[in-house]
Ligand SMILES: NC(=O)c1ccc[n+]([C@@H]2O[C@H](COP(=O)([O-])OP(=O)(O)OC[C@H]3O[C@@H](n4cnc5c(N)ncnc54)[C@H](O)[C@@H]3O)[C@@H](O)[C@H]2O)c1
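Listed next as structure tokens is one chain, alone, in the form predicted on its own.
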Amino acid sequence: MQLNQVKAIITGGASGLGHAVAQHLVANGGHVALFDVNEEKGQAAAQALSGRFFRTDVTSEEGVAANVNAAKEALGGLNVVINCAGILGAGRVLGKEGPMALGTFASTVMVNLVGSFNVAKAGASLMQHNEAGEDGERGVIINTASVAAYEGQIGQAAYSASKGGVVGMTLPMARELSRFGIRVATIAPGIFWTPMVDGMPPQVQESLSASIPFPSRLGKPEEFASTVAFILGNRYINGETIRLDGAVRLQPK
């Protein structure tokens, strides 16, 4: 798929990795609709990108379905869904305050895993009716996992479970949607510069950078965005999770 043909929904598009993806697509002629819970940032980001913003709770089935339909109308079509919305849900199973509240675990899984599935299936429901392009392609779904799906650290039980679920659903979803010409892929980023990292003390940022073999620095959001673009442009990438991590392997803590 050529980037100037892209009509994409991007969850978490108001900031961080999602916003970087939106900027990259628009800079290359694509059109975007941003889904986010942050109204102020979302409106500002969409305006700067000449896109559209829809305040969206990705865990709401009815809300997502309505916004996906509205986004398709606003964009004049829909052929890409990119799921970047997510929360950390950090906490130990047995913490100082006692066992982790089940609600903490459940909410993390709901946003990161169920939310990704919710937006993906709503998007696929519309994309299946697109006119087939080269190789019969009608759409692309790209989800965001994490290296924590493979090497979760202490305190990441909920987060790792949610991201492991995203990795796990990639292949079966790709297999099922292949008959409609819809590809599914996932990116598992390592440690990237995000608003969360920006707020950390300099010594913590330096320690994180030193833990990455090469290049020994944090990932740049634009590197994530260029990986999204690579997946969109290469139709033979399907059912795969790509680690984007500078060869880092997370330690237990």
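This is a predicted model, so every value here is computed, not measured. Note that residue numbering follows the sequence shown and begins at 1.
There is another form of this protein, the form predicted together with the ligand, and it is not shown here; the text below is about that form.
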Distance check, A145 to the ligand in the model of the complex, heavy atom within 4.5 Å: yes
Residue contact check: I191 to the ligand in the model of the complex, 4.5 Å heavy atom: yes
Contact test in the model of the complex: T56 vs the ligand, heavy atoms, 4.5 Å: yes
Non-hydrogen atom contact P195 with the ligand in the model of the complex at 4.5 angstroms: yes
Segment assignment from 66 to 74, 24 to 32, 209 to 217, 37 to 45: heavy atom within 4.5 Å of the ligand in the model of the complex: 37 to 45
Residues within 4.5 Å of the ligand in the model of the complex, restricted to 87 to 113 and counted by heavy atom: I87, V111
